[in-house]
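Okay, so here's just one chain, in structure tokens, the form predicted on its own.
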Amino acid sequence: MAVCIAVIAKENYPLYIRSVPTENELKFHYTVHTSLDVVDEKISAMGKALVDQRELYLGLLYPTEDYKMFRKLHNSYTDIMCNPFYNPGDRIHSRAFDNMVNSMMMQVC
């Protein structure tokens, strides 16, 4: 069950975060950043080992049954990035993206 959806910039700040119920948004904000710390640890551990730097596979980061949800989110994010009026790195303020996230959370809940 998805209760929070977040899009994080490569500099580790949120571009978009939505949670259900909304009063838990701060809690999920911290959870998202904690998850990013785990990813950073995996990447730094790979750097210490004698591994080809092009091999950046981190393992399975989401359950396979959630692949369709991830794909839908990724496609919507790609649509935002292709918008000529969106500046990469800015917070995401899009009604279409909000509607898509809300529909995903309603389907799952």
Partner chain sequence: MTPTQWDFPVELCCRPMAFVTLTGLDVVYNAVHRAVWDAFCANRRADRVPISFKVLPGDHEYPKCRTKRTSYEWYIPKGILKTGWMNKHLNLVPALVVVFYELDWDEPQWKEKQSECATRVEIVRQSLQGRNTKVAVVLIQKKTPLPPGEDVIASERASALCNACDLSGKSLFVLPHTDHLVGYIIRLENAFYEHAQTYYYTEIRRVKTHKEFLNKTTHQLLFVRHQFKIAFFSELKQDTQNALKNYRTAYNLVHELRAHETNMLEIKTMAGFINYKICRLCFQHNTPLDAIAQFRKHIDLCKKKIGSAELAFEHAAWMSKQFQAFGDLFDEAIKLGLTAIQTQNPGFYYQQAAYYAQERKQLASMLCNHDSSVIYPNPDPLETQTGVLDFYGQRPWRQGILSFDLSDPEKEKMGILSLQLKEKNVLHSELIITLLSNAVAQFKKYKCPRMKSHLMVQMGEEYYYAKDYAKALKLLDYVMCEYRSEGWWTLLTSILTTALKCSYLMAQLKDYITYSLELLGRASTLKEDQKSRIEKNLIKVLMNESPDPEPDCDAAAVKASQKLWADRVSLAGSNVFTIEVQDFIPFVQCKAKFLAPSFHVDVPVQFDVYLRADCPHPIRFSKLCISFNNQDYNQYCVVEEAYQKSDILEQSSQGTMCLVPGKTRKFTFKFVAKTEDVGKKIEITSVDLILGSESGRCVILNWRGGGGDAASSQEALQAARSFRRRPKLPDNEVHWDSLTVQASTMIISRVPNISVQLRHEPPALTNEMYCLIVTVQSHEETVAKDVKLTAGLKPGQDANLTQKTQVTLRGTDTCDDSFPALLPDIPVGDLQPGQKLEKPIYIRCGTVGARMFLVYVSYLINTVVEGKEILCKCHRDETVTIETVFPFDVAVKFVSTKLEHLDRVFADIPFLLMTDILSASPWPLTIVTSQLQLSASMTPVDQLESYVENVVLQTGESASECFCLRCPPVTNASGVATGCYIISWKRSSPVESVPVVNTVITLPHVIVESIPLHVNADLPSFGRVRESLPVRYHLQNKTNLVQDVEVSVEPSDAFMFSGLKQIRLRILPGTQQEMLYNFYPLMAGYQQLPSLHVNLLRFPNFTNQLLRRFIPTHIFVKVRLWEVPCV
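We call the rigid core whatever largest set of C-alpha positions still superposes within 1.5 Å between the two forms. Keep in mind the model is a prediction, meaning the values are calculated, not measured. Numbering follows the first chain given and starts at 1.
This next part talks about the form predicted together with the partner chain, which is not shown.
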Interface membership of K10, the partner chain in the model of the complex, 4.5 Å heavy atom rule: yes
I80 versus the partner chain, in the model of the complex: is there a non-hydrogen atom within 4.5 Å? no
Might I17 be said to contact the partner chain in the model of the complex, defining contact as any heavy atom within 4.5 Å? yes
H74 versus the partner chain, in the model of the complex: is there a non-hydrogen atom within 4.5 Å? no
Take the rigid core as the frame of reference and indicate whether the C-alpha of D79 shifts by 2 Å or more between this form and the one not shown. no
After fitting the rigid core, is the C-alpha of V39 off by 2 Å or more between this form and the one not shown? yes
